[in-house]
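A single chain, nothing else alongside it, follows as structure tokens in the form predicted alone.
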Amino acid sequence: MPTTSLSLTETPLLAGILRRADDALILGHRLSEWCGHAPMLEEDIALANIALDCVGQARSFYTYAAEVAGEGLTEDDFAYRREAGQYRNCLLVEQPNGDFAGTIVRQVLFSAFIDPYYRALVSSRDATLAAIAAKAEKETAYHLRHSGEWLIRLGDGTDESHQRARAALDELWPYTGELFEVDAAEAALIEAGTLPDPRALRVEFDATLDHILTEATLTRPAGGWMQSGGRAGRHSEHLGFILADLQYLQRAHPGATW
């Protein structure tokens, strides 16, 4: 009988790949929850397409992770057979959708980070990572533009839409600090030219966000204390509910094929 959980030894490279893969998978799953529920048909399709982009990025990274890990693993093993503590996604992407403004703010904050990150990753000395990033960056550039335009509409719209955007920004801002954290294992990959240094992207992140927020008549929250722990497998309770949905079939019928 196949086991339902994956025992995994993470090398620094594997951990670095899983950070990007898990970010994309969990965000894609969150966005997919809007399918059939978005405020208009056009946006329903747009959010579904962004979700598909994210899942496609996750598949590319998981396929490479399986190659790096060996042992006959597949992308499905990484998506469906790990426990919550083995996921390396940042806390931001697992936060609930909230209202439409909350989803848009979350997308702007993440896209303002991941788009320049992928542009930098294109120059990686790891040819596979560089190739994945070259495709993904074209998608994240659109994600940033689309969500940024929506945030401007909401922030500079009615009193109600402005208030909701403001509340979402205040609530989600403390999750942005984790995007720029670097541990010892990642530092070695940065030194080797395998991964870009996220800390070097902070200036561009701030500039992009300030431009969008100015047009949206919103103010970037002050710094202060930041949430952390997702990269080390310490997640909010929200991830468990996501995985219960995402992994149900594989857990109920281990080893099933179709």
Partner chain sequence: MPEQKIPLWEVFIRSRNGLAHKHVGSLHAADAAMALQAARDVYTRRGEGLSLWVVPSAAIVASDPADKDVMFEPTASKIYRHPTFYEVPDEVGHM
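Quick caveat: nothing in here was measured; it's all calculated off a predicted structure. Numbering follows the first chain given and starts at 1.
A second form of this protein, the form predicted in complex with its partner chain, is not displayed here; the remarks below concern that form.
Out of the listed residues I45, A200, A207, I190, I45 is the one that sits within 4.5 Å of its partner chain in the predicted bound form by at least one heavy atom. Shown alone, this chain has one stretch from 45 to 53, 190 to 198, 225 to 233, 64 to 72 that lies within 4.5 Å of its partner chain in the predicted bound form by heavy atoms: 45 to 53. For W150, a non-hydrogen atom is located within 4.5 Å of its partner chain in the predicted bound form, even though that partner is not displayed. Using a 4.5 Å cutoff between non-hydrogen atoms, R145 counts as a contact of its partner chain in the predicted bound form. Residues of 175 to 206 that come within 4.5 Å of its partner chain in the predicted bound form, judged by any heavy atom, do not exist; none qualify.
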